[in-house]
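Given next, in structure tokens, is a single chain: the form predicted alone.
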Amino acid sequence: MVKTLNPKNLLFVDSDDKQHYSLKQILNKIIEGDALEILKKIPEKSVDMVFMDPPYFLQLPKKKLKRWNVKTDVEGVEDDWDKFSSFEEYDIFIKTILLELRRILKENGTIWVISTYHSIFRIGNIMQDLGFWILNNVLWLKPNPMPNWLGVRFTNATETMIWATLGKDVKKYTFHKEKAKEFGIGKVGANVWEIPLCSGKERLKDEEGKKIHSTQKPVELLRRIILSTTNEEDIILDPLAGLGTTGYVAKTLARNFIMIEKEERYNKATLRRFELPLIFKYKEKKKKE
């Protein structure tokens, strides 16, 4: 059943005066502030699943890319949050967050991390060094990727998601096999999900018609993650929430959420988003009688 999500009392701003938060204080909330500081205040072993969508660290050239046919600028990821001075600085950022997430995850909890080829291999290496056990990599295949304007390499039409537990010996993590079969390519629940990029009404835009967030994730992506690897009433943490897709989908699917986001403008857009009912575009495959 589709529920109308009420934004009342959804957001609060983190304060230096607060040394820790109880689970009750932060459940089904957006905490506005720095994830590196806020994560330290969340109780240990308190969440069932983490979805993290960190900066890609694209290392884009200063010169803007032009569309060859109309000579207009290509809108890429040029946000300040994606800029780091070096791989070392980026690695420290990722490692610091992952260490806190290890503390916060329940013993049988799982974590999803998504990124592009620019950084997913670095992230995977850090995760393994910290003791995470990788269960799968799941490929998000985009049928409508960003155009390949220069034509000097293959069109980048995928992003990789790492799905992991806290360690090799974790056995009783949540996985719904039948959901995996519904979502993956083929009949075996393969680790490839074909989902379009956000477009149309799903893409949140400002008053000037420009997209608010450069890497907004599609609702369908989070729907598949949540339905296949969590149960109703579970608590899902998104430490870098962006436009709040994780919580928006989680609440509609009868899950709890905790979201952290530093950017005020993203949080304002998320609050407006929570005023609307979420209607999924995709229909689940009917089982054969």
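Numbers for residues come from their place in the sequence shown, where the first is 1. These numbers come from a predicted model, not from an experiment.
Another form exists, predicted in complex with a small molecule; not displayed. Remarks below refer to it.
Novice: Tell me, please, which stretch of 42 to 50, 223 to 231, 250 to 258, 29 to 37 lies within 4.5 angstroms of the small molecule in the predicted complex when heavy atoms are compared?
Specialist: That would be stretch 29 to 37.
Novice: Applying a 4.5 Å heavy atom distance criterion, does Leu237 contact the small molecule in the predicted complex?
Specialist: Leu237: no contact with the small molecule in the predicted complex.
Novice: Taking the shortest heavy atom distance, is Gln216 within 4.5 Å of the small molecule in the predicted complex?
Specialist: Within the cut-off, so yes.
Novice: Taking the small molecule as it sits in the predicted complex, is Phe274 near enough to touch it, meaning that at least one heavy atom pair lies within 4.5 angstroms?
Specialist: Although the small molecule is absent here, Phe274 would stay clear of it in the predicted complex, with no heavy atoms inside 4.5 Å.
Novice: Just checking whether Tyr21 would be counted as a contact of the small molecule in the predicted complex - the rule being heavy atoms within 4.5 angstroms.
Specialist: No, Tyr21 sits far enough from the small molecule in the predicted complex that none of its heavy atoms falls within 4.5 Å.
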